[in-house]
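Next up: the same protein chain in two forms, each one alone, written as structure tokens (structure 1, then structure 2).
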Structure 1
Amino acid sequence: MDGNIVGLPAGYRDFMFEDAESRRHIENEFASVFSSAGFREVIPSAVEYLDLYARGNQGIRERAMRFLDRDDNLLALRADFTPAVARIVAAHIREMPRPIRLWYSGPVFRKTDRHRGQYQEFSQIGAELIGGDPPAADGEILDIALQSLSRSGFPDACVHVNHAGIFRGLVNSLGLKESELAEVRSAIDRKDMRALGVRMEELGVNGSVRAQVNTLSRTVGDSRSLAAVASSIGNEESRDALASLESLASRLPRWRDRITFDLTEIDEMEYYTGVMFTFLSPAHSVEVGRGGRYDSLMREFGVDLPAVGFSFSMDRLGECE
């Protein structure tokens, strides 16, 4: 540092006038959509026990900015909103009538690789619907997400939708050990279809299941492509998941042409239990947010409630405006 008091540490930045105004504008638009839909704001503490991030959301704990308090407790700057929201529900509002509708906005902090041009502080804005069942709650949250994007200057925003149960159902019928499964998952995640085929064959996965994995790994399209997949899938969990995606689409006729079913994306599949969203801005060719259903997270906080939510990157939105 050498006495450089006007400099910033690597990975941080200031937002000046126009940038600050554009972020404020986006936040206001989101806030107005959220509040007219009955969502109420929470401002979680900026500091948490590091152990908050031990649960579920993988990778976050390792990247959290950690420090010790007076009593040598291990603390972290907020590294993710969703666990904080889960904690808030468990701590303050267990008895509120369900479903509980919350929204939040603010900075999160994560360590990033050196010299990759990434920031270590970034801003998120999002909403969570806790205690609501699919498909109604999923439809409500997706509707709010697309509405708020549309209102804040992204009228062409679209969403890629998948369901964790489709692949999970299939995985259970693979009959593989956890380490073997990790290899299969990694090949799908890299979209390396040849390696996937070869590895499944080596592992002795039967031909019909292999064909189903291949079908899933190629399916991107509208409701018709879901129907095509459903007819070729042999297990009940996957078929139920496909059916719930169809029913989600039928609830949102207004957004029909904005929804693409992308069954190939299995990133973060361990974290989500149901529907999964990736929000995109075609005009800018960027991903602006993610979301999905995480029914097991609340249970870790002692409250057994289903939950679904999304969060947008304010930094991406601000850059696009």
Structure 2
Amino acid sequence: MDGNIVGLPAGYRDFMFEDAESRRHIENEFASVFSSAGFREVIPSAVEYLDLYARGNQGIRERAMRFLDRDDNLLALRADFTPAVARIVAAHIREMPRPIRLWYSGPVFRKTDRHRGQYQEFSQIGAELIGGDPPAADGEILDIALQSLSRSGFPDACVHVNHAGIFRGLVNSLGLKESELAEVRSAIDRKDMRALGVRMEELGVNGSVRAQVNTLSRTVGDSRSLAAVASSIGNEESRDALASLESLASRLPRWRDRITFDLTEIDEMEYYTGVMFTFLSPAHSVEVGRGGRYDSLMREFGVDLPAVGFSFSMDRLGECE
């Protein structure tokens, strides 16, 4: 502490006056949209069993801030809202009429690289729709997200949309080891087409499949680009996923100019089971939120219900306002 009793530990900060007012304004606008759409607020506990984060995104568990209680149970400060919301549904409201519409707002805590100026406490606001039919629910949750951004002062905010099943269908036909698949995914994520082509050839990937992967790894555009891709894809899972995206586009005509179908966005393919969203503020060239379909997570809590949702970083939204 160096005797500084009025300071804060590294990785934490206070919000004063205008900054605090800006964050409250954003939260109020989001809450207004959520409430109007029939979403109800939940406030999960700030402390969970660490094992909660063993379900879903494994990276979250590794970054959770953990401690022991008096009975030597391994606990963690809240590191992510989505598993906590899934727990609440399983424990308290699984019998509610469906779909179940929930929203939340509050701080999360994760271990980060403080030497790079990263904060260990940050705030999220988001919504989850549980138990709704996937095509309609995906459209509803994306509509709510874009409405919330517009209402809270981000009329230029846009979203990049992909579907985990598109690339997963191709992956299943590659016959590669997990380490080799990781190299292919990394090349796509870096948009390094030359490295992607060379590595797939070295791995002996069939020429037809290489051509399909190359097509997907270059596809960024509006809904018309999906139809062009579909004609070149040879496996059923990928074609079905592309059809799901086309259906999603048809449900959101009002947001046509704000939606980009980016089939190169595969960063969290292992976590999401269907559509994946990345929300961006073009004016600030920054990502402000993520979301998607995560049906398998609910099953890990003993509730076999489809689920889709999103969360935004209040810190980034506040910085962009």
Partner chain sequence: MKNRVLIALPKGRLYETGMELLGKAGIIIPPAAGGSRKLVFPDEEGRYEFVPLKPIDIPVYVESGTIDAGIVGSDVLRELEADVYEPVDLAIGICRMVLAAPSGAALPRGGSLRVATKYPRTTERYFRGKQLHVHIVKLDGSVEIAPLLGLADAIVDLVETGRTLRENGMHVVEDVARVSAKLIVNRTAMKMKSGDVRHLITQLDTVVYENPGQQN
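The term rigid core refers to the most C-alpha atoms you can superpose between the two forms while keeping them within 1.5 Å. Numbers given to residues start at 1 and step along the sequence of structure 1. The structure presented is a predicted model; accordingly, all values stated were derived computationally and were not measured.
Where the criterion is the form predicted alone, structure 2 meets it and its counterpart does not. For A136, a C-alpha deviation below 2 angstroms is recorded between structures 1 and 2 after rigid-core alignment. Core-superposed comparison between structures 1 and 2: CA of A195 displaced by 2 Å or more.
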